[in-house]
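Here's a solo chain for you in structure tokens, the form predicted on its own.
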């Protein structure tokens, strides 16, 4: 039998989202307050050596897709060198990165040289003023230049836009139009309750409303075949080079086929974004656990993965939700 992480519902968990830092150089309203959050002491982060040790276990047990997240992953010193090492791990067939796009061209070149091709960029507006209001940083020109450079270098670029009333709904149609001449995938996301403030209103612009809005302007839009374990429902306007999708990140319509695990920069393993940490691997490693003991605890934790995000959330209903910057975007 192949070595695999399998939950109680028979789902094979082969996709790990790994946060390498809780720090970020932006202050997006849906992720953290303007003044920021109390970032953890750097000694509490998993070291690159600890991360590589854990990734060797994950890939041995069937994890073949890895996504590097933050915070903003590129604010962590030494990240590019670390990516170069782990990109060679046996069994790893895909390594992707989620970033806010504030990368230098030299960092982009380094990613291309090591064979990384999939980049997700959090971009919530194509308007410079709204970009500043959402991120609280004047970085639109820098980010958009990096996006165009990545497209030219042949990266598979996905733009993630969190859609919210009175924030950026007027950007939906310009984003769709962006796919006319660029081979880019835009995904519209429902807002989630991980802003670090303890307050949240159910989004009025959910996946149904977003789809109706686009359809009313592009009646010829066609749905694309679903990829295995996809969180997005994807569409294309006939004749356009790129595509767009809608992710029901709050409505959670895709949980039944979830194949994901999350590991925070401080070692918290989550089997669901909406749930509690199932295990702290940093504490386990630093208590002296050996490889076999780590594997045993991992198997116990992943086996208990909840059926969906609603069940996971109900278990921790009274616990304040942390910032997405801490949890890993």
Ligand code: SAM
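Every value quoted in this text rests on a predicted model; they were computed, and no experiment measured them. Positions refer to the first chain, counted from 1.
Note that the form predicted together with this ligand isn't included here; everything after this is about it.
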_Output flag, 30, 189 and 324 jointly within 4.5 Å of this ligand in the predicted bound form, heavy atom basis_ = yes
*Pick the stretch from 205-213, 104-112, 173-181, 157-165 whose residues have a heavy atom within 4.5 Å of this ligand in the predicted bound form.*
157-165
*Interface membership of residue 69, this ligand in the predicted bound form, 4.5 Å heavy atom rule*: yes
_Taking any heavy atom pair closer than or equal to 4.5 Å as contact, tell me whether residue 194 reaches this ligand in the predicted bound form._
yes
*Give a yes/no on whether residue 243 approaches this ligand to within 4.5 Å in the predicted bound form, heavy atoms considered.*
no
*Looking at the partner-bound form in the predicted bound form, is residue 99 within 4.5 Å of this ligand by any heavy atom?*
yes
*Which pick from 125, 236, 122, 232 sits with a heavy atom within 4.5 Å of this ligand in the predicted bound form?*
122
